[in-house]
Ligand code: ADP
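What follows is one chain in structure tokens, specifically the form predicted on its own.
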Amino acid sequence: MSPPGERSVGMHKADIGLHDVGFAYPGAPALMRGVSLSVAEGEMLAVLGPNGSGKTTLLRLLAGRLRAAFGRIEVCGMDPVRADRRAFAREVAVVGPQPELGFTYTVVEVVLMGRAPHLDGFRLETDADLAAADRAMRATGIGHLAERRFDALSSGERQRVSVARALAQEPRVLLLDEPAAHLDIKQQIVLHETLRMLREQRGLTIISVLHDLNIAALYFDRVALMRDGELFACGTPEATITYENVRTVFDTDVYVDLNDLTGKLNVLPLPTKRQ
């Protein structure tokens, strides 16, 4: 049976499929039951849930950084673990925690690292590679930082550089782990509007681990709610971000209603003891 709120992906082919996938860290099960989920080409899926619910584990399995204990995973027609790493990186880009690079690089040098899967041997970047990096920096609003040192940037600026490096790969699939964690509210909006634009222009498939239910409702096509290592519910924001689901998954009381201005859901936490 499909999780509550699940819907078919329509006529588009699935870029990503998890089929009865399970995983456990030593002595600590992470995905306790088989997780099955498909994401269509060009979809934006937000993965939400409390800390320890399995969100990041799911993303790492999709990125090929963890090997499933059982089940099958396909991303762009490849097994993330068995695929050739360069071939996989041409199709899939990952934005995780902010990197510690160890050397002093400029922003443009960091963004150009995203071109590595497209370079053979020790060949230097071509004009096409530089153009791809420039497009990625402009898309994320960091063009003016191109010659700045990466280690001298703020946390929010570093996060945008990390997203730009992923975009410079020109992937089909973008996997993001809390991409807006260090961004202020304006930067969060700019980032997610950029992601929507890239989806519309390039058909990019995006899976993003988030904590913000309101951002998920405002920008994403579907929402997957994780709880205790299981996929609790998956579907459109309107079908999935309900009072009952949020109350159960996050074990906290909330107010859920439609925003008159956006027509999208708003979720507000409620105090334990109300006046």
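Heads up: residue numbers just count along the shown sequence, starting at 1. The shown structure was predicted, so the numbers you read here are calculated from the model rather than taken from an experiment.
Keep in mind that the form predicted in complex with ligand ADP is missing from the display, and what follows is about it.
With respect to ligand ADP in the predicted bound form, the three residues T194, R199 and T205 uniformly fall beyond 4.5 angstroms at the level of their nearest heavy atom. Although the partner is absent here, M44 is not a contact residue: none of its heavy atoms lies within 4.5 angstroms of ligand ADP in the predicted bound form. Among residues of the shown chain, S53 is one whose heavy atoms approach ligand ADP to within 4.5 Å in the predicted bound form. For the chain shown alone, A63 is not a contact residue for ligand ADP in the predicted bound form, no non-hydrogen atom being within 4.5 angstroms. Although the partner is absent here, A30 lies within 4.5 Å of ligand ADP in the predicted bound form, judged by heavy atoms. For the residues S36, N214, N245, T57, the 4.5 Å heavy atom test against ligand ADP in the predicted bound form is passed only by T57. From the list 232-240, 217-225, 246-254, 44-52, the contact stretch for ligand ADP in the predicted bound form under a 4.5 Å heavy atom rule is 44-52.
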